[in-house]
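Quick heads-up: it's one chain on its own, the form predicted on its own, in structure tokens.
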């Protein structure tokens, strides 16, 4: 992008202050700033004027999950349907791996974290090994899309090359960067974190499809004839990926999406619960659950909101294309944003000073209108790594892996 092109784009969105220090920059910094202006989606700033619109939910009600008893009873049926779709190239895997291992005490991408005890076992390695189980069963490779971020892209790609993709066919792997959204003050002016860099943040866990689309990978999806995208987070080292039973159950149901769920370990477990929001499938976050919802019972006397999502979803691709540009809401979150003050000095605020913008997977589920919640055995499919020790940690994931015979 040239200076004049950047000027025109910034002028359109009322952000010409981004070029305030341009003449002070060296050539490399000028190039970085112009590239960032080119890549940044300033259109999200328009949502500040109606920032609460995405949060207006009038009624929460239960949505029953397909429980393990039924799944086990129909396992052969679902496996046959799922494997057929995989063998015909209709299913792809999409890994959301834009994060860093900061909370684990690492400066590397989270996928590079080693959970091994007697030998190296990386988070990414575990995910690839899980996907390889399905590849071996189906006899065909599953297209594998990996979302990175500005912070971890180069390291993630280099790591995968160095490890020979953990045995996965590299011709069936595509990397793409998550788009970044600008961070702005309350009036909608974007902040600068350096004189040559706009303050930005990832566009949320629901921004993965838009990021794929804008980098041209949806064209690859069409070229390959893919109809279903299994999207999953990086931190669960036991989750099954492109799971034929999950795929088959979702296809057989006729739903536009499926969500893997686990039965909650206890009433107050910190997982989002599958539900209906104003009659549409959705996810209510644990911190939004009122005592009345937590204590509600279904017709069997069991907790009505007893199934938590594990950030492993199956989406019908053609339906995502319908909603991504038209109706998927942008959530505006008040945050503390490191920035430059009027004199160009760095500021680390102690209180929120502006907005960040993100899209959420829960809105994808809601806007697709139909979703099949599928229960999975949490002892075999739920080992999230969010902390170094304690609950949902490296320690707990190691114990869960060892309990089902995975050598660490």
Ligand code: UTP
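Residue numbers count along the first chain shown, from 1. Basically, rigid core = biggest C-alpha set you can superpose within 1.5 Å across the two forms. Only a predicted model underlies this, so the values are computations on that prediction, with no experimental measurement involved.
The following text describes the form predicted together with ligand UTP, which does not appear among the structures shown.
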In the model of the complex, the residue from 184, 234, 328, 221 with a non-hydrogen atom within 4.5 Å of ligand UTP is 234
Checking 140, 100, 172, 226 against ligand UTP in the model of the complex, the residue with a non-hydrogen atom inside 4.5 angstroms turns out to be 100
Query raised in the report: Could you tell me if residue 153 has a non-hydrogen atom within 4.5 Å of ligand UTP in the model of the complex?
Result: no
* **4.5 Å heavy atom contact, residue 386 to ligand UTP in the model of the complex** => yes
- Can residue 358 be called a contact residue for ligand UTP in the model of the complex at 4.5 Å between heavy atoms? yes
Although the partner isn't part of this model, could you tell me whether residue 264 comes within 4.5 Å of ligand UTP in the model of the complex, counting any heavy atom of the residue?
no
Only one of 71-79, 283-291, 163-171, 199-207 sits within 4.5 Å of ligand UTP in the model of the complex by heavy atom distance, namely 199-207
When ligand UTP is placed as it is in the model of the complex, are 96, 147 and 178 each within 4.5 Å of it, taking any non-hydrogen atom of the residue? yes
Query raised in the report: Comparing between the shown form and the other one on the rigid core: C-alpha of residue 87 shifted by 2 Å or more?
Result: no
- Message: Given a core-based superposition, decide whether the C-alpha of residue 201 shifts by 2 Å or more between the shown form and the other one.
- Response: yes
Fill in: Per-residue C-alpha change between the shown form and the other one, residue 104, threshold 2 Å, rigid core fit
yes
